[in-house]
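Take a look at this single chain, the form predicted on its own, given in structure tokens.
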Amino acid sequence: MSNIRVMAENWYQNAVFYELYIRAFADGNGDGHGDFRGAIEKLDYVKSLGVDCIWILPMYPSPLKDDGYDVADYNDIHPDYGTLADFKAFLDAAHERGLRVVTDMVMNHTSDQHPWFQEARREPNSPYHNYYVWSETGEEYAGARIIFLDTEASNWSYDEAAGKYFWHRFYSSQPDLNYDNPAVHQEMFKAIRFWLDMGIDGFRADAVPYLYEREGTNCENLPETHAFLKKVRQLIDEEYPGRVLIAEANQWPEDLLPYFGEGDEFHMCFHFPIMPRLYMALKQHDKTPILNILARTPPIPAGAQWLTFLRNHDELTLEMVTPEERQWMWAQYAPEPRMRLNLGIRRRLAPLLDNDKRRWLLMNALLLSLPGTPIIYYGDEIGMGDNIWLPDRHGCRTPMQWSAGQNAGFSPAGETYLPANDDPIYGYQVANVAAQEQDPNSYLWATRYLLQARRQCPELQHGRLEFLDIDNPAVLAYWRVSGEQRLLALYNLSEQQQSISLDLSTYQGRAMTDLLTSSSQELLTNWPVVKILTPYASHWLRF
């Protein structure tokens, strides 16, 4: 296979993803809901950021009790978002701009409004009855934890029509599919082929640890689950080479290793535990949480990659920290109880960092320089805020803020699906794309600059990671190395100035450029090299 083909097939390893919520992005028909026609008009903006791939949140027909993760039809588009033709036009327009598109595939469950479930509950002899997991008592699988602790008392709910309990790992309006039924496998394969035939570049598979249930287990990460997922990967490899399969599995790094398989399961897995530890290290002024979680992150197969992020559409999960750490994180980052949800924090990036551009830059520079493919959540590139007075996770899913005009320039409608944020600090009158386009000191300009700098550095995209042993806990330093190319990343995690000495004598006579502060070169002649790190400083020193 040629190198070009290999690079094309492994495109996801070096990419930057942009998470786009269609309902929130741009309203093309004036009904107050974002749609694909509106999003087409904003693709040049997305391209200008320097990203490579758009991840679309669920766009299927749905009652939207869980923002589309409650799917009512796997093979169509929600009417608020447009038609299948609109989606195809969006896909083609993205591809014309060199942007790939991946979509969510919700494998674990459907909406209770899906025709399968409606038939299943009405008619016990229907073949669709066995598409779901039923119980006469609702007492099975007691070892499975309840994920949505704030809203669900049990993983079983009683259905009056069926006269039985049905199993659900999430909301009770989302009955789990029965993967012990081969017909369910075929339905999933059918939906996967439908969208890949249309031309999408892959899937983020939602909530994959929970596909199977077995008594005496916690009903997560079961061997049967992996056996099915390998069948999905085989289908994609054989019929759609070059497409990517992404696992959303909120697990510890060592527990995620089986989801890569031997390079025969997922191409990519989200690295959930690194994310809270970045915030922890920043607030503690101590790199130890970052070092510890990366130390327990195992090597992954060739061709595989981690996906990393600072924020996304869900809460900032605190499932994989100790109870004491969780209480500390809530106290530090979510002092108002309404900022908390389940075992997490429902806030956006800029408010979490108190709108401090130094800390925002540091966190984004970390995201873009640590191993993994980074994801930017829509609006975080302009420092959008959250609305904690909206219920559930809606506070982080408000309309994109394009301008200071009506409805943040998102829609001309009298009323939008959620109100645009009009907070005095983070609201659209202050934080919007139009204003930041004119401000070289804005979050938007900084985002573009960081992504452009990363694109120029192969070592940041796929280089190996080598930590420097620096006694100062507030200073995090590591090399990213690819062949002859080396970049030294330096971060001051504290609000105090720090001074460090670096033995860079190996590079005597070579020039060093700091990509994040200036383009001027420093010739390495004196030893040691003393670096004064201002509070929350970030440096990418390229040799």
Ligand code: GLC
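These figures come from a predicted structure and were not determined experimentally. Residue numbers here begin at 1 and follow the sequence given.
This protein has a second form, the form predicted together with the ligand, left out of what is shown; the following refers to that one.
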| query | finding |
| --- | --- |
| Partner-facing stretch of 254 to 262, 460 to 468, 306 to 314, 226 to 234, counted where any non-hydrogen atom is within 4.5 angstroms of the ligand in the predicted complex | 306 to 314 |
| Partner-contacting position among R454, H267, H114, H109 - heavy atom within 4.5 Å of the ligand in the predicted complex | H109 |
| Answer option from Q174, N155, S411, N421, heavy atom within 4.5 Å of the ligand in the predicted complex | Q174 |
| Non-hydrogen atom within 4.5 Å of the ligand in the predicted complex for each of H129, Y179 and H185 | no |
| Residue contact check: Y69 to the ligand in the predicted complex, 4.5 Å heavy atom | yes |
| 4.5 Å heavy atom contact, K283 and the ligand in the predicted complex | no |
| 4.5 Å heavy atom contact, F170 and the ligand in the predicted complex | yes |
| Distance check, R348 to the ligand in the predicted complex, heavy atom within 4.5 Å | no |
| Within 4.5 Å of the ligand in the predicted complex: residues from 240 to 259 (heavy atom criterion) | E248 |
